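Shown next as structure tokens: one chain only, the form predicted on its own.
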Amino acid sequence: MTSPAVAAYLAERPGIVIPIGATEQHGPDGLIGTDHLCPEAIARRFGARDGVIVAPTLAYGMSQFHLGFAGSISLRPSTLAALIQDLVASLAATGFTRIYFLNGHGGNLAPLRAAIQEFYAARSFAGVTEPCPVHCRVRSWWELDGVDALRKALYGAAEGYHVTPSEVALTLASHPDHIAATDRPAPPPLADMILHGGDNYYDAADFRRRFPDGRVVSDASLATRQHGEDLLALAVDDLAKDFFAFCRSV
């Protein structure tokens, strides 16, 4: 888009969607970019359908615990938080008042929320007396109501925490030529993985010791492209409801 086109959009609508994810290992089942490819696919389909601006995807996230695996790239929590602060401040300065982060990686949540509070804290400590017109919302795509219900119905406990069948299914739908069925072996017994720490991550060496093939209490061999198409369609509808309600909020 050109800058005048964005200005014209802002005369009609206040909101923008920002897909945010990570670039990290997803075991033998998933693409390294899974965590940014999923929110990007949902947001771009939604934006094209409903005429909403979608910002360039933030493809790098806080993934330090995956650095024991080839191809993983991480930002420090402080780096990610600084990036988000600058992004929110820039969008606010140019007229956006509803900034919706569609997240695809759990490790981003703490730095992302901290950065947003830093943005607001600057106003509060400066003694600004007018309520901030800029509102931010953070939503992980798997939390969307219809998506959450379907993924639980499809996979139950095998959904797990990392290299989930739902995220692999989404990438099978959005990037069907990049994951071959022969590359998706069955995982270790789920009970064994649960004994090794569940969703508790420390440093990269600890993660690799607990989860040597990169998967965390999940069985992505259950994922199918049709599951991904169904999840993607639901996610777009769910995002539309949530985004437009957010844009109407006061």
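Computed from a predicted structure; not experimentally measured. One rule holds for the numbers: they count along the sequence shown, beginning at 1.
This protein has a second form, the form predicted in complex with another copy of the chain, left out of what is shown; the following refers to that one.
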item	value
Partner proximity in the predicted complex: Ala41 to another copy of the chain, non-hydrogen atom cutoff 4.5 Å	no
4.5 Å heavy atom contact, Glu118 to another copy of the chain in the predicted complex	yes
4.5 Å heavy atom contact, Cys136 and another copy of the chain in the predicted complex	yes
4.5 angstroms heavy atom contact with another copy of the chain in the predicted complex for Val147	no
Residues of stretch 2 to 16 in contact with another copy of the chain in the predicted complex (4.5 Å, non-hydrogen atom)	Thr2, Ser3, Pro4, Val6, Ala7, Leu10
